[in-house]
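Just the one chain here, the form predicted on its own, laid out as structure tokens.
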Amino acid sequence: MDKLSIEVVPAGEGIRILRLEGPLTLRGLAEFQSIVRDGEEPITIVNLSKVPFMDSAGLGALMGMHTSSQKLGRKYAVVGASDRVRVLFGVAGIENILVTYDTVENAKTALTEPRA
């Protein structure tokens, strides 16, 4: 599969899930960035479980989402990254910058817990 498809799924009050399928590369970047930018929910979860690989442009888009979330006071998580994608996070030195969880449920729980 060469084309990226993105499904936006409402997941409860103030939460949306972006289900990506296919490679997150320069080819699908504009659509991904537009969808991320247009969301007004305070929590966005990006499900990468069906993303076999990404290039530096895809990596940059995730970092852009991280930066804009911080500026806007929103929360986000990246979930379901394959081993190949996790290696890319490590090589790029962002594995400790991106907010990542193994599953959507883990992310929802962590991001909606009230802070003490």
Partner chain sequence: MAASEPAKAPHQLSINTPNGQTNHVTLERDRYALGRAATNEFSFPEISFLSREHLAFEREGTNWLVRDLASRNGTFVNETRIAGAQVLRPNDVVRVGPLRIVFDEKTANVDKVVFVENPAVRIAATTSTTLKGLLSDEKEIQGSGHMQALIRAGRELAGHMPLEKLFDLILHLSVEAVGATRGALMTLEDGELLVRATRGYGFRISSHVRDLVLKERRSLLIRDALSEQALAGWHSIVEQRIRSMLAVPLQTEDRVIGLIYLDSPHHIHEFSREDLNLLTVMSNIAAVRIENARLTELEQAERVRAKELEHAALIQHSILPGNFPPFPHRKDFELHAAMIPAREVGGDLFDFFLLDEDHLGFVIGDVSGKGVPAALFMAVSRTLLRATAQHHVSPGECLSYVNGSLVEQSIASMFVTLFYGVLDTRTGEVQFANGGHNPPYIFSADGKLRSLAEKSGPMVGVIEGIEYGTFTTQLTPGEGILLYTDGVTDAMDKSEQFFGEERLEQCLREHASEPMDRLVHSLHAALDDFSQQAPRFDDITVLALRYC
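Residue numbers count along the first chain shown, from 1. Everything quoted here is computed from the prediction, not taken from an experiment.
Same protein, other form: the form predicted in complex with its partner chain, not shown, and the subject of what follows.
At the 4.5 Å threshold, heavy atoms of Gly60 reach its partner chain in the predicted complex. Although the partner is absent here, Glu41 lies well away from its partner chain in the predicted complex, with no heavy atom inside 4.5 Å. For the chain shown alone, Ala11 is not a contact residue for its partner chain in the predicted complex, no non-hydrogen atom being within 4.5 angstroms. A residue is said to contact a partner when one of its heavy atoms sits within 4.5 Å of a partner heavy atom; Ser34 fails this definition for its partner chain in the predicted complex, lying far away. When contacts are defined as a non-hydrogen atom within 4.5 Å, none of Arg19, Arg74 and Pro114 contacts its partner chain in the predicted complex. Shown without its partner, this chain lists Ala92, Ile15, Val99, Val104 as candidates; in the predicted complex, only Ala92 has a non-hydrogen atom within 4.5 angstroms of its partner chain. Taking its partner chain as it sits in the predicted complex, the stretch 25-39 comes within 4.5 angstroms of it through a non-hydrogen atom at Leu26, Arg27, Gln33.
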